[in-house]
Structure formats: C-alpha cells, structure tokens
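Next up, structure tokens for two forms of one chain, structure 1 and then structure 2.
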Structure 1
Amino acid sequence: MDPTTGLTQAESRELENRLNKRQVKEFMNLFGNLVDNCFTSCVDDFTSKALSGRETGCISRCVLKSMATQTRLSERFAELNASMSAELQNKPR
C-alpha cells in the first residue's frame, strides 16, 4: 500500500488507467470541438473538393488562436492552483 495515497498497487494502476482514459477522452473532445468550430467558421464554399486560399488561411488562424487560448487557460489554471495551494499551506491550523 502506498502510504501517501492509501491505495494498493492494483488500485493505483486502476486509478492511473482511468485518469489516462479520461485525459484521452477530454483531448478528443477538445480536438473535435476545435475542428467543428474552425470548419463551421471558415469553410463555406462546397463547390470544390479543395479548400480555397481564404479558407486555408482562416483555418490556420482559427487553430492557432484556439491553441493559444487553450495554452493561456492552462497557464492561468496552474497559476490559480498554485496560489490556492500556497494559501492552504499558509493557513493556520
């Protein structure tokens, strides 16, 4: 048993597997939303199989903007999490 978590090795492996599956599911959801959003926003000419130059540029900007937003959100979440952890550690008991 792991003294820090109170879990057996089998429970730790099960927890890790579930967390990994959840992480993959969340990533796939995020990716699917990104594709849907950028496609809906940028692709509007269905007279050709190929994307136009305007559509290609729009999709590139949309993906870059979405990735930058996601990165900033992740950074901000980490900052807030660190701040909350510090507050909890400094709180008198």
Structure 2
Amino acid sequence: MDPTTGLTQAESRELENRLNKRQVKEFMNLFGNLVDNCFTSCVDDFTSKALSGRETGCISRCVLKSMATQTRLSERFAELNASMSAELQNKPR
C-alpha cells in the first residue's frame, strides 16, 4: 500500500493504464479536430478528387500554425497557473 496515494500497486497500475488510455483518446480527438479545421479552412473546390498544390501548402501551414499556437497556449497557461499559485501561497499571512 503506497502511503502517499493510498493505492495498492495493482490499483496504481490500473490507474496509470486508464490515464494513458484517456490521454490517447484526447490526443486522437485533438488530431481529428485539427484535420477538420484545416480542411474547412483550406479546401473549397470539390470539382477534382485530388488536393491542389495550393490546398496542400495551406494544410501544411495550417498544421504548423496550430501546433505552434497550442505550444504557446500551454506555455501561457503554465505561466498563469504558476503566478496564481504563488499568489495563493502569499495570501494567508
């Protein structure tokens, strides 16, 4: 029995498995939404079956921009979180 979490080893393993599965699902959701967004923004013409050069370039750039945005957003979120918890620690005097 782990004193810090109160879980047995089997339970910890099970928890870890479930968290992993959820993370994978979350990632697949993100991926699906990414494709959806980039497709909607970049592809307008359905008269041909193949992606044109313009659409291909657009989608590649869309992916890179989305990834950069996500990175920046998580950085900012972490910064905010850190400043909020620092505030909370300073409050009770």
Partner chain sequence: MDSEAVKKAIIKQVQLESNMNNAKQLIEKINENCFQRCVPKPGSTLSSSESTCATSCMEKYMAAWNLVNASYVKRIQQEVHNNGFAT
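Definition used throughout: the rigid core is the maximal C-alpha set that superposes within 1.5 Å between two forms. Because the structure is a prediction, the values reported are computed rather than measured. For numbering, take structure 1's sequence and count from 1.
Of the two forms shown, the one predicted on its own is structure 1, not structure 2. Once the rigid core is overlaid between structures 1 and 2, Lys25 does not reach a Cα shift of 2 Å, moving by less than that.
Fit the two forms on the rigid core and the C-alpha of Phe77 turns out 3.8 Å off between structures 1 and 2.
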